[in-house]
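Given next, in structure tokens, is a single chain: the form predicted alone.
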Amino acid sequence: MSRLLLVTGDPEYDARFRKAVEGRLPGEIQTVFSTSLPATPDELLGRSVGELPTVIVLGPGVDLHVALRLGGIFDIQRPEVSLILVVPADMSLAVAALRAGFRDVLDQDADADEMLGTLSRVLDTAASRRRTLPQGGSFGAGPHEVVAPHRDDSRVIVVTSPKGGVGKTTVATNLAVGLGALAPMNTVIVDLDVQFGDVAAALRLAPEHSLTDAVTGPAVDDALVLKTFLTVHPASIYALCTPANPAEGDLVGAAQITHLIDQLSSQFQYVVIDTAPGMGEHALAALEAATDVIFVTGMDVPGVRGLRKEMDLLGEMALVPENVSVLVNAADRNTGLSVRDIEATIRTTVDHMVPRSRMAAYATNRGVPLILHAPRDKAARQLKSLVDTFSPNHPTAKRGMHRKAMV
């Protein structure tokens, strides 16, 4: 039977709530008279008596900022419990609550019929949701046990290049979208070109939150809250994009990036990082945390020589992970360079050749990754081949030649 838990410091609202619900909806109502909210779902659930509540209503008097934060954690840690937030007549608060993970909102001046309608709708949704969750709707063994999620199979994939203009962001965004097909909602792309990143444009996103929000706000202290600062892309991936104002990039330091990657790798199977050209502090912090690195170059002498220097320096700094790939983008036989020329210069093999494609530029300008826009395009097929190398079922190649070449 359904149980409703109301948290409020307002006895008058409790009386209105009970008058609207009792005898009209099945189940028990319990009220916690308090305006302070705990930091975790486990603490709040511990305040209830008996079985786990089906729906929790955070009523008048609670701190709305704390409530939004707690709602985001509930949505991830305890999806079998549905939350409703009681708010003033403010559309921006209602939108923020729904984005944070609340199942619905109630106007604090709603009449009995409005209360009943909202609660009925959320209870019906909660019942359907619980049927799709493991173990009948609980992730833990006990009614209030919360298991903190952590991944041991996470891969941090850094896409890097010594020079700009080689299509590094195109490679990173297509890789992320491809991995999203392998691991839906378990892939995140991070734009670490903190001043002039293009991931948002390449994915046609208008993010509400940015990288600076993620490393300076409440998400710093909780990886679960961090998820509420990410932007969802229709290809079943998350994105963390750079701020609209380049000056905000100065607020982001290497230590913050290290902490951010650690948080994301505890939550996602794939973390794809698009770095700025060169080897700035943010790129080095990402490489230090990387399990995989993809070096991207074009078919031009300055770019290939720059890649050789980058490989040498990273080898000396011991910042080369075990899994290394070299990708030549916009490959063209008419450039005067061959694959053998490139391999002779960088002293290691080229793993992926993505041919030049007019469709690639068109897809980029539309903000749609090539493997979605034109999956049969010759360049898209090679990018899909890159994605396949990160499949759990793909045989692991020996990378000794690469590591030897860079030490």
Ligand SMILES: Nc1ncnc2c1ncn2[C@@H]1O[C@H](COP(=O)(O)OP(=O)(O)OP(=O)(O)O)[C@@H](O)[C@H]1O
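Heads up: residue numbers just count along the shown sequence, starting at 1. All of these numbers come straight from a predicted model, not from anything done at the bench.
Below, we turn to the form predicted in complex with the named molecule, even though it does not appear here.
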Residues 165, 169 and 356 are flagged as a possible site; in the model of the complex, is every one of them within 4.5 Å of the named molecule by some non-hydrogen atom? yes
Hey, in the model of the complex, does residue 329 get a heavy atom within 4.5 angstroms of the named molecule? yes
At the 4.5 Å heavy atom threshold, is residue 360 in contact with the named molecule in the model of the complex? yes
Any of the heavy atoms of residue 198 lying within 4.5 Å of the named molecule in the model of the complex? yes
So in the model of the complex, does any heavy atom of residue 364 sit within 4.5 Å of the named molecule? yes
Heavy atom contact within 4.5 Å of the named molecule in the model of the complex, the stretch among 347-355, 334-342, 54-62, 33-41: 347-355
Within 4.5 Å, heavy atoms only, which of 249, 303, 218, 277 is in contact with the named molecule in the model of the complex? 277
Residues in 287-324 close to the named molecule in the model of the complex, defined by a heavy atom within 4.5 Å, in order: none
